[in-house]
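Quick setup: one chain, the form predicted alone, written in structure tokens, and binding and motion questions come after.
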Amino acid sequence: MDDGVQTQIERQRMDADIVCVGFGPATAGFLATLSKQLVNADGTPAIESAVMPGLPPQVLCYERSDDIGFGVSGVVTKARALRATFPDLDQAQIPMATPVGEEKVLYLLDPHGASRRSAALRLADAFIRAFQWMLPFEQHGLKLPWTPPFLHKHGGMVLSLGQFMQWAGAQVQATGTVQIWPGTPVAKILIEDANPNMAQASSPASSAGVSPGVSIGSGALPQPAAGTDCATLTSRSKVVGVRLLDQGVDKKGNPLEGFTPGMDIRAALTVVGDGPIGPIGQQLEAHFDMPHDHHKRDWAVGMKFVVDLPENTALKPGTVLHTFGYPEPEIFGFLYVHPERVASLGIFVPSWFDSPVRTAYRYLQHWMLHPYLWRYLQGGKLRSWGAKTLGESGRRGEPHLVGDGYARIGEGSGSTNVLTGSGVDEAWATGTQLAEAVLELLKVKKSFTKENLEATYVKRRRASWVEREARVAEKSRDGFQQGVVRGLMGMALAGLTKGKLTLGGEPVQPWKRIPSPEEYYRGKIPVAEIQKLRKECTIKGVSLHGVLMDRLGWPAIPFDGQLLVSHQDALLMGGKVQAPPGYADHVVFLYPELCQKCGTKICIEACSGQAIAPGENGVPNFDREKCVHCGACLWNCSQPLPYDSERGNIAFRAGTGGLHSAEN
């Protein structure tokens, strides 16, 4: 439903001083730093609110998930920024936290011969097997005798992100100066423009990356609206707050009985920390564009389990294992051991893995069954699972950090370090940097203009270790665009030379690199057979990857009902997917014509919760009661919009629900 196009809706309004979108590590760092300096020791305001005189600034935070602790990752971090915020931190206060102990990097060979390996890797595998007697080789795995220093997390911590965020939220709310509202999605950014003829970024069309005035799914593919050059029209656009998600609507957003329009929250400063796929971050990028030569073409899908290890496990708390080479050479894996025999483990399926059947769940199970790992996992039990996409463009994926009335922090602001594989510490640091800048401006009663935020927040960020290390990492993974071996060499070269030397390979959009199954399996599976299998899977309403992997010789998963369970059973056992009624679908296929001509249907193959399935006339079906909000469909779409080659045909909008598990 489009306010101002179809109908005018009367909305309630609430004024605040600062409104935050998303409660992740970055926002937690921001609020933890800010909240401690808003009141004096005697309870009087240290800084006075502009909207409620006599009180401290009114700070609100809205989080989509039903709980602030529904994170989806095990984490190993140096925790530099966290310790700076809490100098007297006792990590025993944080459930599932433990100091980093033993660290290993492992190259896993293929024990089945089913993975797709280059000639160089096959030669390396043959060499390792031939000389295994003189190498640290066991159970088809080679421990690297030397690990680059930039990969180590000595002195750091192993965390459960869900448990950590619950703990961080408790610290923030204990100050009594901040309100955090979980289960409250933010639908739109509110923008006021100096030019009254400008298209508003708060409209559903522009929030999806669609030209203003175009009817989504109308049949005719759109062209850019005339006169919408961002550099000309958005020069003094001002963010004035956010709009919460409408309730009491059908799946397409049409009002039903009991319709409740989302409230407008007006604020002098909007802090955007909604992650790499957050709808508010997307809307800002659609309205203000990205800085020159910046893009978000590198990403990964992380599929993760939390398990009870067997009672006789040899793995000690604090053990950190990093793997590469299997189940496909491009896929990286991790295993972190928490106290009391609990482990977080998972894989990352990256954007430069060209396979059209990117099934993270099955690949994770093959990874777990690798002989090197299975000896530690056999007899274990699934506790919870989850999936998340990660923005891995790093510094090159940095959007405009500030503008009049807004600032961006965390992963969505390009803070993740793609060389060290670190994101939580960096995200937290960007939040603390913004908080220090906001306090500086509040104390001297300066407004939150682009210039003032650049002189305080951006200046701090540019002078920090986050920026220095991001510069080193900026092009460190470019080599993977031309192969795994070149990519690994490029990472080592960038790390050892502090980013001075890299192995190039400009990242490209998915539609330029993902081949069709017929192309990818040429010489291995006949075209006619693939087409026959695709037709059978469409009739059954299932994805294609399972039958293709079976056909290539991947062994069947020996389900045990405890740790190795079907994808459907995981949705029931390892957390609970919730999708409350009364909200519009958050995954939308914008133009059916593009879906109909798509020969890959990556969105179906890559869906972490099997929420996207074959549908009628070639347009996929979306079942939000299975969606875990990972965003894999958004990143993987191989059909570019005709007026914006950086965006695909899938819109990922504001929505409730998702996978609920506080242990991941």
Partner chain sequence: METILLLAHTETDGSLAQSAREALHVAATLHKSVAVSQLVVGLIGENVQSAADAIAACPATKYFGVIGKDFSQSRYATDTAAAEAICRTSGATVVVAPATSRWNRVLAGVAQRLGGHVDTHINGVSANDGKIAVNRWYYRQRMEAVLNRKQRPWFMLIDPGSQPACQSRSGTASIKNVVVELSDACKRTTVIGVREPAADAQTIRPDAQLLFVTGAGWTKKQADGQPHVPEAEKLIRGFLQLSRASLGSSKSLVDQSGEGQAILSFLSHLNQIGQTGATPRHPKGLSTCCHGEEPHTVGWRFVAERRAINLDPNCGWARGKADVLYVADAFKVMTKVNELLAAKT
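Residue numbers count along the first chain shown, from 1. Only a predicted model underlies this, so the values are computations on that prediction, with no experimental measurement involved.
Keep in mind that the form predicted together with the partner chain is not shown, yet the notes after this line are about it.
S.K.: Within 4.5 Å of the partner chain in the predicted complex, heavy atoms considered, which of Leu121, Val105, Val577, Leu441?
M.R.: The option sitting close enough to the partner is Val577.
S.K.: Have a look at Lys316, Arg551, Lys540, Lys524 for me and say which one sits with a heavy atom within 4.5 Å of the partner chain in the predicted complex.
M.R.: Selected residue: Lys540.
S.K.: Looking at 147 to 155, 445 to 453, 486 to 494, 561 to 569, which lies within 4.5 angstroms of the partner chain in the predicted complex, counting heavy atoms?
M.R.: Among the listed stretches, the partner-contacting one is 561 to 569.
S.K.: At the 4.5 Å heavy atom threshold, is Val547 in contact with the partner chain in the predicted complex?
M.R.: Val547: no, not in contact with the partner chain in the predicted complex.
S.K.: Counting only non-hydrogen atoms and a 4.5 angstroms cut-off, does Asp623 reach the partner chain in the predicted complex?
M.R.: Close contact exists here: in the predicted complex, Asp623 approaches the partner chain to within 4.5 Å, heavy atoms only.
S.K.: Is Met573 close to the partner chain in the predicted complex, meaning a heavy atom pair under 4.5 Å apart or at it?
M.R.: Output for Met573 is yes: heavy atoms within 4.5 Å of the partner chain.
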